[in-house]
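Shown next as structure tokens: one chain only, the form predicted alone.
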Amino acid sequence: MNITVIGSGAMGCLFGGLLAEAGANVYLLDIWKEHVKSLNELGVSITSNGQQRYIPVQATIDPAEISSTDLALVFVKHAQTSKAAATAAGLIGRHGAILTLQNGMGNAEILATAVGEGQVICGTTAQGAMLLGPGKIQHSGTGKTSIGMWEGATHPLLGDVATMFNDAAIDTTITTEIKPVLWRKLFANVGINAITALTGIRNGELVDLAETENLVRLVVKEALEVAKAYQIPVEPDALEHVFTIARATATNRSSMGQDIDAGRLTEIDAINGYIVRLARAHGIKTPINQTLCALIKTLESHQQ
């Protein structure tokens, strides 16, 4: 299978590197020239449990250099999804598939507009990575990956993708109901990302103070109310699962926190902002999510 990773930051390099190491034909596509140069010259450096290894990969900034792609694996930030969708559509043709493992919601709809719902596979992953520098990442957490079709009948590549991921030591299962899985991940992002980004703390520190833990509970409860209004199946432990994730990734800086630290735009619109938009359409009040959105946007505006 020919794979193109669109958006080869920390997570793109992790998945691309692991898949290449397992024998897949992988191309990493990114706009950061220094990063791409390092990937081509040295391979992707993955540090895990104090051990560093280099995995040879192919990388480019020009999608025209990639001849054919069966699977486009999308890891760009939400704001770049429309551009990634156009790139992916040009690479996979009518028979390939796009897999999004991006944070937040709204990405699948954008991708489906470009190629059709039947070519879009969605998923979530508990794998974690941090970008250390050009061509270098830290594998900061492991966990399960779930994938499934966004809408409609299954795609011929779905089973092959799961097999290929498992062969690369990416523990992956297929689900026929991906939307509740996506929402479960969304609850974690809603509860963890904005608060850690604004305060400068790591995920595990969310439970160090009763006031902080209560803030997490309140913001996630708003999201749970929105999910109920949209008839999204929610597991009974959804709220406590957020704290499980925070503890399991205790030493991690959230992706939104990393974006703020680097002066980049965040994915607030696809996370807390997504909850606010859906709530407004149903007349539901979400004051804490709205406040977090306003604070993140204020911080972003003064970093540009």
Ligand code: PAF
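Each residue number is its position in the shown sequence, starting from 1. If you're wondering where the values come from, they're calculated on a predicted model, not measured in any experiment.
Below, we refer to the form predicted in complex with ligand PAF, which is not included among the displayed structures.
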Check: in the model of the complex, do Val216, Asn272 and Asn289 all put a heavy atom within 4.5 Å of ligand PAF?
Finding: no
Notebook entry, point to check: Taking heavy atoms only, is Thr69 within 4.5 angstroms of ligand PAF in the model of the complex?
Noted result: no
Check: Would His78 sit within 4.5 Å of ligand PAF in the model of the complex, counting heavy atoms only?
Finding: no
Item checked: Contact test in the model of the complex: Ala108 vs ligand PAF, heavy atoms, 4.5 Å -> no
Check: Does the 4.5 Å heavy atom contact test between Thr60 and ligand PAF in the model of the complex come out positive?
Finding: no
Notebook entry, point to check: Exactly one of Ile192, Ile137, Val220, Cys122 has a non-hydrogen atom within 4.5 Å of ligand PAF in the model of the complex; which residue is it?
Noted result: Ile192
Next item on the list: Among 233 to 241, 42 to 50, 27 to 35, 250 to 258, mark the stretch whose residues have heavy atoms within 4.5 Å of ligand PAF in the model of the complex.
Entry: 250 to 258
Item checked: Interface residues of 97 to 125 toward ligand PAF, as seen in the model of the complex [heavy atoms, 4.5 Å] -> Asn103
